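First, one chain by itself: the form predicted alone, in structure tokens.
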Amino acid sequence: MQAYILRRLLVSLPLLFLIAVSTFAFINLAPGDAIDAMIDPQELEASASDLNRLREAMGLNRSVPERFIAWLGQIVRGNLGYSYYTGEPVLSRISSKILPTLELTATAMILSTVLGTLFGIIAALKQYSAYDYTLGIASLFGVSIPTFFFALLALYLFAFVWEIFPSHGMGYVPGEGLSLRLNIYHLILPALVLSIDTMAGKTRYARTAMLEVLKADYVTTARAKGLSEQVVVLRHGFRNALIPLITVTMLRLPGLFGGALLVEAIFTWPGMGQLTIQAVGQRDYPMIMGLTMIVSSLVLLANLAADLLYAYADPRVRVNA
């Protein structure tokens, strides 16, 4: 298993390089640069020579391949470059924002996985019932409606009309820092909103996977042996339905990170979402590259974790690995 993990990590390196090349090329194809984003022509008049000096100081006068090689040199030194806008190391700025984003994303994933799988199993056990049809309609709405709409609706209903949950922030107490109780209280609404889309899809996948498993011969044999329905469903049915559910869970992870950008902006959650929006607006290329590489690395590690979970769900995977 250790050799398998090492092989997967080595295979991920070329993939990360391709992601870096494509991302760097696309952001440099956009019109303008960081200097254009910093200077407002209506408020500050700058000559062409002044702008050229700024571009030369920031290295923007060099060609795209030269800038990319320079950025790779920063990675070799253990950094992700320096922000054009603040001059701070990219890695240090991301480090201060990554934990709130991971907290929000992990909570949303846990909620969507647990609730979505539970709803899907119950829908499969009660096939064609009113519960099944209700869940089907609710899942269709959850998948079809954008996350930002749910965020705005939840903000209006639960933070403005009924004032059940706070509308913004992470739960910091002035002079005391982050409060665990307030943090959980502030986390509930954005995490639920972020989990809706993934939960709806997980419900449909769990229902389909369980229906296929419950029709299998080994489940019929287990029932014929006189085993209780609980043992049949959980030990023989659910465990064999885990493989597709693990796959779907990890495939939805990039979507969770993408949805977190909007949710963090709407709920003023101090994570990487706000940092990404600021970097794009400021055309801060090193910051955009750093954020892209961090998120890509997290997704690749999650896919590796999914392969390791396959071994738990199906012992035959251990032999093949």
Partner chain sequence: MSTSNTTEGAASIDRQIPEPRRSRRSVWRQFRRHKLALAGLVILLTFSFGAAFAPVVARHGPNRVDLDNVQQSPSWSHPLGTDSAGRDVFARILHAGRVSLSVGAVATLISVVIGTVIGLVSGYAGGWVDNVLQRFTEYVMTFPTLFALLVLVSILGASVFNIMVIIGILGWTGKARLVRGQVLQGRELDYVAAARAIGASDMRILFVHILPAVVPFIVVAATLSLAGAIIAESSLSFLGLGVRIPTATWGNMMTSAQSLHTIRNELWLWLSPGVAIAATVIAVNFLGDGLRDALDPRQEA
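By rigid core we mean the largest C-alpha set that fits within 1.5 Å across both forms. Positions refer to the first chain, counted from 1. No experiment lies behind these values; they were computed from the predicted model shown.
Although it is not shown, the form predicted together with the partner chain is what the next lines describe.
S.K.: Quick one: of Tyr131, Tyr172, Tyr185, Tyr156, which gets a non-hydrogen atom within 4.5 angstroms of the partner chain in the predicted bound form?
M.R.: Here the answer is residue option Tyr156.
S.K.: Can you pick out, from Ala305, Leu18, Ala311, Leu9, the residue that has a heavy atom within 4.5 Å of the partner chain in the predicted bound form?
M.R.: The residue in contact is Leu18.
S.K.: Using the partner position in the predicted bound form, report whether Gly258 sits within 4.5 Å of the partner chain, counting heavy atoms only.
M.R.: Although the partner chain is absent here, Gly258 would touch it in the predicted bound form, with heavy atoms inside 4.5 Å.
S.K.: State yes or no: in the predicted bound form, is some non-hydrogen atom of Arg93 no more than 4.5 angstroms from a non-hydrogen atom of the partner chain?
M.R.: No, no contact at 4.5 Å.
S.K.: So, Ser167 and the partner chain: in the predicted bound form, are they within 4.5 Å at any heavy atom pair?
M.R.: Output for Ser167 is yes: heavy atoms within 4.5 Å of the partner chain.
S.K.: Closest heavy atom of Glu176 to the partner chain in the predicted bound form, within 4.5 Å or not?
M.R.: Answer no; every heavy atom of Glu176 is more than 4.5 Å from the partner chain in the predicted bound form.
S.K.: Counting only non-hydrogen atoms, choose the one of 233-241, 210-218, 98-106, 79-87 that falls within 4.5 Å of the partner chain in the predicted bound form.
M.R.: Result for this chain: 210-218.
S.K.: From first to last in sequence, which residues of 139-166 have any non-hydrogen atom within 4.5 angstroms of the partner chain in the predicted bound form?
M.R.: Leu140, Phe141, Val143, Ser144, Ile145, Pro146, Phe148, Phe149, Leu152, Leu153, Leu155, Tyr156, Phe160, Glu163, in sequence order.
S.K.: If we fit on the core, is the Cα of Ala20 displaced 2 Å or more between this form and the one not shown?
M.R.: Yes: Ala20 shifts by at least 2 Å between this form and the one not shown.
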